[in-house]
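Encoded as structure tokens, the following chain is the form predicted alone, with no partner shown.
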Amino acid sequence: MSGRFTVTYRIATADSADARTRAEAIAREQTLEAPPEATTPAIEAALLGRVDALHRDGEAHVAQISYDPNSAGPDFAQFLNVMFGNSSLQRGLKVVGLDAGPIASLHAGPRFGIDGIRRLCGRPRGGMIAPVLKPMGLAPADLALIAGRCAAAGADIVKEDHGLADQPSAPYRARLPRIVEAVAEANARAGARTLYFATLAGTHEHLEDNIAFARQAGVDGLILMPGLTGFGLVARLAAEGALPVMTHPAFLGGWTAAPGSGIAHDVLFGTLMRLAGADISVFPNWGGRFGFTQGECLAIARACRDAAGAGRPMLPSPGGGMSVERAGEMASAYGEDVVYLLGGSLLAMRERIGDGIYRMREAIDAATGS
């Protein structure tokens, strides 16, 4: 395979010689992980990472290091391993950019993307509204009741909370058919096309059976947590193309929490999720309880929708701080191609949940002229 993929790292040192030493060490660590004496000239020439650019940026340096795609192969996990495997253990090192290059051709990327999700839910333009089913502890009938109310009010996607797994209160195989039925009945009454995305649950040995069960039950999409089940599972389901995939950021916060280490917000929740094949990427909205800034959130949205990105553009989905009252503000900032998650603030309205969705739709449409 010709061409190379390039990772941009921010190295926390102002000393140019130190930065050069560290960049060359990263290039070796991420590929051969052995001194030249332990390899051969042919292997060094073919697979060793290459420092293509290095420049100072304030009190740090930015290095662009390219890699031969054969060092990663077709496995998404190995691609991540080359991108930031051992080096992720270092302090003062952050991935701030990624050009997937030929790696993008090895993975399907979003199979539905923005246009596909819009076709499925029948909303050709305007922001999309996705109420969240929770909390854990509710029975399947209770969750189905909420789902039906949301669908009847015109929600575009009814999304299960990431915390709904296979708990005794609402077992996976008891819950999914009830919610599918409730959403279908509401759609039939309203002549609508609300989608139901279920959280993929189950221990490792049960995942395959639970994927098959979800399809048979008639769910419209699956929610995956790549921080817990792996990016490779996202890539596999995307390659199959049977159901849209929504990714949730649970267990990934440590990658973005430290300003000088980890992975930049837009790379993690935008570029990587899209490359793996997510059609919708969930992330915490600014002004909520998770501390993401407005700039970080808008950068994620740009990476999700950038026409020059890998594969089809996908939908950013801010949550964790959304409310009906903030709908206009958010729509003005994000624009039309976005899925707005509404959880606790909407659920607290109980029987009036439909009123909240109506108000949300009015505010979004007014802000975007939809």
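Note that the structure is a prediction, hence the values are computed from the model and not measured. For every residue, the number given is its place in the sequence shown, counted from 1.
Although not depicted, the form predicted in complex with another copy of the chain is the subject of the following passage.
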Would you confirm whether the three residues Ile65, Arg193 and Asp306 all fall within 4.5 Å of another copy of the chain in the predicted bound form, going by non-hydrogen atoms?
no
Going by a heavy atom distance of 4.5 Å, is Arg175 a contact of another copy of the chain in the predicted bound form?
no
Taking 4.5 angstroms as the cut-off for heavy atoms, does Asp166 touch another copy of the chain in the predicted bound form?
yes
Flag Ala12 as yes or no: does it have a non-hydrogen atom within 4.5 angstroms of any non-hydrogen atom of another copy of the chain in the predicted bound form?
no
Check Met128 for me: does it contact another copy of the chain in the predicted bound form (non-hydrogen atoms, 4.5 angstroms)?
no
Where does another copy of the chain sit in the predicted bound form: which of 27-35, 297-305, 54-62, 325-333, heavy atoms within 4.5 Å?
27-35
Among Gly148, Pro284, Gly113, Gly270, which has at least one heavy atom within 4.5 Å of another copy of the chain in the predicted bound form?
Pro284
Quick one: of Gly101, Gly230, Pro140, Gly221, which gets a non-hydrogen atom within 4.5 angstroms of another copy of the chain in the predicted bound form?
Gly230
Contacts with another copy of the chain in the predicted bound form, stretch 47-62 (heavy atom within 4.5 Å):
Leu47
